[in-house]
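Let's start with one chain on its own, the form predicted on its own, as structure tokens.
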Amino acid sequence: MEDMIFYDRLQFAFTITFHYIFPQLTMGLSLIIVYFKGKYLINKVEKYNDIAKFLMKIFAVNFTMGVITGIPMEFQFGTNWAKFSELTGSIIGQTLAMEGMFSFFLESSFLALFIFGEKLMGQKLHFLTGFLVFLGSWGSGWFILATNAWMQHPVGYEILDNGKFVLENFSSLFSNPWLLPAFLHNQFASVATSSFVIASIGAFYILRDKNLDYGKLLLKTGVVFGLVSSILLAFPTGDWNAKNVAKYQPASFAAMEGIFETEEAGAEIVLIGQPNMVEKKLDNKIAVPNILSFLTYQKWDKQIPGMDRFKKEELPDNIPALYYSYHIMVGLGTIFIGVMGLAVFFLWRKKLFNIKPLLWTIMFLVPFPYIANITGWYVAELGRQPYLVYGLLKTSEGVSPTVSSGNTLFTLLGFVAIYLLLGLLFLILVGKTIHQGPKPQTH
């Protein structure tokens, strides 16, 4: 049974990790495309329109890959996690169905119109199609986060005698106190990824002395969007999410912060340290006293329960992975603020385009927002364990009893091979698009 649960979780973790490479770019990029198209309508400067259409090509490749890699996850609800789907389907099925019906079809339909319909529709309608693509992509995020928020903090439900969950109050799904901070944090993280991508493309053009006008505009826009989104990730959205975890999942909060023992006079914030699960402590710890209590409750001496206050079965089942994921996410976010802040400073001083070490840094930093996004999701999902629905339905109770661990491992190996090919194809297509660059519109 333990092997079956392990391989079920491993397969879902792999498929969703690979899948989320793509939506995190499309959600943020759709906002930036609308920004450039709006600037073109206002200023009538052709290069804004060129960049909007150039970025939409990258968006289209990402969107297609997101659809392809998202389909297997849907099937896993009916194969590996059939019991979970049976017990909770009347609740999570509603938000997932709305995501498909309202958001996905809106996004996909108007994406085609944006790419092919500019001359037919005119510029104002072309802008509207771009805005509707943005609305569809962010709507998808809203409905999926509503599903996840219910799993993290279940509200408005009733459990029947047969163990099935039914919804008592539909509106509670969207007024869940977990939803709004999680959604905003996720969306700003997507904007941060997109900002680094377009800034890196701009830096690449400048370093190669190619498409310089476009490169400078992409870099300038990327670093400004990147700084703003990185700051908003830390505060208020990151702070808001951390306070939600402290309030609704206190055992998870203690684990991700590395608090093994409760401190009577306030909790320290750990900067560096390695969890020692044998001795129940952090090795080589560097910490600042009382800061965590102040950040969480605005009181220096407020007590925060450590892991010693909870039963073993209440704690996350992989504390080191949760702890490291959280600290990687926070550490990278801090680096993003520093790099983008420095870039904006030199942009203001009109020196950014000539500082090659900073341009190289921005270009090679592009994988790290992806890593920060994925580790952020690991924090949310590892923190919820050992539950699928926090406090109510354990992971061991949601697996399909008829799917063997051998079958799951075999299909996992198949996914790895297929996704490797898809990843290579994606890099080739996007690389070719970037190499071609934004082409001026011909009349």
Partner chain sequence: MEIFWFIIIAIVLVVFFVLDGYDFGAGIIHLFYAKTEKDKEVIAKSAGLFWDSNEVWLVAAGGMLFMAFPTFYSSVFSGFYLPLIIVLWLIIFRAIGLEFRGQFDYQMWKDIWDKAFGISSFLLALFFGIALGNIVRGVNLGGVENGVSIYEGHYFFLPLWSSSFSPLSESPGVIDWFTIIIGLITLVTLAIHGANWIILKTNSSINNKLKTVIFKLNIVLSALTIFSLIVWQNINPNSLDNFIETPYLMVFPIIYISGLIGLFFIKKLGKDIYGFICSTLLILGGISSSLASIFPAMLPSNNVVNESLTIYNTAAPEYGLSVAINWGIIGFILLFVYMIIQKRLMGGKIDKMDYGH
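Model, not experiment: these values are computed from the prediction. Residue numbers count along the first chain shown, from 1.
Separately, the form predicted together with the partner chain exists; it is not shown, and the next lines address it.
- Across the proposed site, T64, S90 and S400 without exception bring a heavy atom within 4.5 Å of the partner chain in the predicted complex.
- By the criterion of a heavy atom within 4.5 Å, K432 is counted among the residues contacting the partner chain in the predicted complex.
- Put simply, G391 is far from the partner chain in the predicted complex: not one heavy atom of it is within 4.5 Å.
- Put simply, N80 is close to the partner chain in the predicted complex: some heavy atom of it is within 4.5 Å.
- The closest heavy atom approach of S396 to the partner chain in the predicted complex falls outside 4.5 Å.
- The stretch in contact with the partner chain in the predicted complex, judged by heavy atoms within 4.5 Å, is 94 to 102, chosen from 94 to 102, 218 to 226, 351 to 359, 259 to 267.
- Between the options E168, D209, D308, E279, the residue in contact with the partner chain in the predicted complex by a heavy atom within 4.5 angstroms is E168.
- Screening A321, I291, V155, L106 for any heavy atom within 4.5 Å of the partner chain in the predicted complex leaves a single hit, L106.
- Taking the partner chain as positioned in the predicted complex, none of the residues of 301 to 315 brings a heavy atom within 4.5 Å of it.
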